[in-house]
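In C-alpha cells, the next block holds one chain alone, the form predicted alone.
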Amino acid sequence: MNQPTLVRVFCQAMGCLCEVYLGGEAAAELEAIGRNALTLLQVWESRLSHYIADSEICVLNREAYQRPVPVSPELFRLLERLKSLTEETEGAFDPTAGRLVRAWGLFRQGTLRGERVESPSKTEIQRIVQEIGWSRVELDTELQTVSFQTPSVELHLGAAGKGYIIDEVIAYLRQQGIERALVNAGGSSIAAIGSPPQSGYWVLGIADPQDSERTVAQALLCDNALTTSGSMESAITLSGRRVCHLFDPRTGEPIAFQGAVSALTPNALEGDALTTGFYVNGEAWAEERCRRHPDTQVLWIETDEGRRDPRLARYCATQSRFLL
C-alpha cells in the first residue's frame, strides 16, 4: 500500500510566490493536478491584474465611464459579491476606490517601503471620495454590463483579487477529487482543503509585522482560509509622515493603526475583504462581527517601535484556531 505523500508545486504570480501543496498517494498525478492549478491561477491573474493592459479589469476601468461594458459572467458575479462585501463591512472595504490608491501613490508596481511621494491635497481627496462607491457603479444584470457614473470610479482588486483567485483554484482542486490541499499566495491569502497527511490541521505561522523572519502566532487550517492585512506591506513616506497602504475609503485618509490583522474565514475572498474591514473599522467592530459569525476569527498584532514584542489580542466566538 502506498504511503501518503505531500507534493509541492510553485510559481511566481500576483507579485509573490504562489504555492500549491497536495496530499495523497499518487505523487505524479498530484503534481500534474497541481501544475494545472498553477496555470489556472496565472490565467485568472491575466484577467484581473491591474498591471496587464488588456486584462478584463483594465479594459473595464478604461471604458466603463464612456459606455456600458459587457463583462464575462465570472467577473459580473465577482463584482456583485464585492458590492455585497462592501455593504457587509459598512464601506470600509470598497474596491471602487482605485483612484484613492492612485492618489496616495500606492498604485505602482514595485512601490518600495519608505518611498517618498507627493502628498495629495485635501481638496483632491474629498472630491474623489464624493465620486466613488457602488452607488456610482451600474451593474446591469440582464445585459451583463458595467458602467461608471463618474470618472473617479476605478476598480482596484488589490484587497480581494488574490482571495478570489485562490478560491477558484480550490474549487478546481475539489473538482479533481483532491481531499488534501493548501494554496498559498505570498502568505497573505491562504486556503485549505482538509488537512495534510497524518495531521488534523495545516499549521501556518503568522509573522511579526516588523520582522518577517519571526513567528508570533500560528493558525490551524482545515477547510477554511487565512488572510492577513498589515501596515508594513507597502508603506510610503509623505513629508516625514509614514502612510499605510490601507485607508478608509469613506474619508480617503490612511489608517493610523500600526500592525497586522489576520482572519480565519470560510473562504479567501471573504477573508481578504474582512481583514481590510477589520483593519479600517477597528477592534470593537471586529469583535462584534465575529460574535455574530462564529465561523470567523480574527487576530490583532499591534506593533510599537518602542517595544520589543508586539501586543496580541484575540477575538473569536468559538474555540480559537489561533495559537499564541
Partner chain sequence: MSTFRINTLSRREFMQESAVLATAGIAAIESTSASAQGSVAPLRIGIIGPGSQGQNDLKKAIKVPGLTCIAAADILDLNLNSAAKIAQISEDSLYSDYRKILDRKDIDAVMITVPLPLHAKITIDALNAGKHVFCEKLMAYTIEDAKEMARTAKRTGKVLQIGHHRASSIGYNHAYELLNTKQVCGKVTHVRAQWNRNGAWRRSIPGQAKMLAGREFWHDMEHLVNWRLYKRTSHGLMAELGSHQIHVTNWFLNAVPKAVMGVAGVDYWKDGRDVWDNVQCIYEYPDGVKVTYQSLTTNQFDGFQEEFMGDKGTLITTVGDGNTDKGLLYREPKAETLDWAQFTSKEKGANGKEGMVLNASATKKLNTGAKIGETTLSTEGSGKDAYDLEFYNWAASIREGAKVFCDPMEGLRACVATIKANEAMAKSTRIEIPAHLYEI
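All values reported here derive from a predicted model rather than from experimental measurement. Positions refer to the first chain, counted from 1.
FYI, the form predicted in complex with its partner chain isn't displayed, but the following is about it.
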Would you say all of Q12, R35 and S199 touch its partner chain in the model of the complex, counting a heavy atom within 4.5 Å as a touch? yes
Does the 4.5 Å heavy atom contact test between S72 and its partner chain in the model of the complex come out positive? no
Should V216 be classed as touching its partner chain in the model of the complex when contacts are defined as heavy atoms within 4.5 Å? yes
Look up in the model of the complex whether T5 has a non-hydrogen atom within 4.5 angstroms of its partner chain, and give yes or no. yes
Any of the heavy atoms of P151 lying within 4.5 Å of its partner chain in the model of the complex? no
Heavy atom within 4.5 Å of its partner chain in the model of the complex: which of A171, C222, V203, L139? V203
Please pick, from Q175, S135, S121, S212, the one residue with any non-hydrogen atom lying within 4.5 angstroms of its partner chain in the model of the complex. S212
Can you say which of 76-84, 153-161, 139-147, 178-186 gets within 4.5 Å of its partner chain in the model of the complex, counting heavy atoms only? 178-186
